[in-house]
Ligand code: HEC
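One chain follows as structure tokens, the form predicted alone.
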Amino acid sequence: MKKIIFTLLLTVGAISAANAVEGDADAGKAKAAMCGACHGATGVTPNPVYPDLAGQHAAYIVKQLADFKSGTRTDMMMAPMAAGLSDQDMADLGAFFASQKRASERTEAVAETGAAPAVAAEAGSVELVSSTAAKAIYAGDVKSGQDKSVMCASCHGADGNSLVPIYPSLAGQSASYLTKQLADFKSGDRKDPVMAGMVAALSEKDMQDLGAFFAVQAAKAGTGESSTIGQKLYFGGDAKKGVTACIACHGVKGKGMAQAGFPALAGQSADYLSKQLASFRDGSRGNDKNEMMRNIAIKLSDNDIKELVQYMTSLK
């Protein structure tokens, strides 16, 4: 009987090994951009609430990703991240992070050579505004908002300038607009599986504080190439299609209109802007005032959105 069981175990093991997908570390590096926001570019996280992935066994990483995807392991942030991963994607990510040095190994290397740690170079440094003098202007408290923004930094950047294209930059956005978006995520008026979990425990005061903090941070200028077609749409709209000019609400330089609750567009990535316009167009985002954006976006073609976004990314 023992021999039969042993033989079966060997057979199952052989089948599993044969079916295992071999990972490619180079391919995994390219795919790891999404992971970098929370886990660090090389798997050494600057945020203590997220685990280091560098130096983990590839098989363990693959299993955790598969479990997040299947729901065997639950996490409101990882579930949507893993949902679109193929077996090959998981194998590649496992291979990449397994090939990276652990934080302890980097520390030892620094001690031996005196070189600056690579992770510090990756994290960089940003100048944060934390003055509470803004109390006279904003309902929220800037310093308190800074303390509460730690959880936001992994996706939106420590100073609100996101390094991940799919996430919006919050720096310089109006406090009232940011507060409204947080409230809409919490109520479900604006839907996003990641943000829903993040805002669930936030009070109205928390939202106001976060809005105040990010509002006084310096936004980075856009770096995209301009578009003549996009510029015409932005400044003049399209009378034949009934498309209103963007400048009316978002301003000449894309800085928005804080008092009216219209957001700044300058400095946002093409990926984020494209997704929002597409979401307004198909109705999956619907927290705009009086359906203004939905009524405009539904009249835009794919090429309109492409050209318009290209122009908006060039706004300084």
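Here the structure is a predicted model, which means the values were calculated and not measured. Residue indices: 1-based, along the sequence shown. If you superpose the two forms and keep the largest set of C-alpha atoms that fall within 1.5 Å, you have the rigid core.
Unshown form predicted in complex with heme C (HEC); subsequent notes refer to it.
(message) Whether Gly172 contacts heme C (HEC) in the predicted bound form should be assessed with a 4.5 Å heavy atom distance threshold; does it?
(response) The answer is no: Gly172 has no heavy atom within 4.5 Å of heme C (HEC).
(message) At 4.5 Å between heavy atoms, is Asp67 in contact with heme C (HEC) in the predicted bound form?
(response) Asp67 lies outside the contact set for heme C (HEC).
(message) Using a 4.5 angstroms cut-off on non-hydrogen atoms, would Leu265 count as touching heme C (HEC) in the predicted bound form?
(response) Contact with heme C (HEC), yes.
(request) Decide whether Arg285 counts as a contact residue for heme C (HEC) in the predicted bound form under a heavy atom distance cut-off of 4.5 Å. (result) Looking in the predicted bound form, residue contacts with heme C (HEC) include Arg285, since a heavy atom lies within 4.5 Å.
(message) Please identify the residue among Ala25, Met292, Ile298, Val21 with any heavy atom within 4.5 Å of heme C (HEC) in the predicted bound form.
(response) None of the others qualify; the residue that does is Met292.
(request) Residue by residue through 236-254, tell me which have a non-hydrogen atom within 4.5 angstroms of heme C (HEC) in the predicted bound form. (result) Going through 236-254 in order - heavy atoms within 4.5 Å of heme C (HEC) in the predicted bound form - the hits are Val243, Thr244, Ala245, Cys246, Ala248, Cys249, His250.
(request) Tell me, please, whether between this form and the one not shown the C-alpha of Ser86 is shifted by 2 Å or more, with the rigid core used for superposition. (result) Yes; that C-alpha moves by at least 2 Å between this form and the one not shown.
(request) Look at His250 and decide if its Cα position differs by 2 Å or more between this form and the one not shown after superposing on the rigid core. (result) It does not, since the His250 C-alpha is displaced less than 2 Å between this form and the one not shown after the core fit.
(message) Quick check: Ser269 between this form and the one not shown - does its CA shift reach 2 Å or more after fitting the rigid core?
(response) The answer is no, as the C-alpha of Ser269 shifts between this form and the one not shown by less than 2 Å after core alignment.
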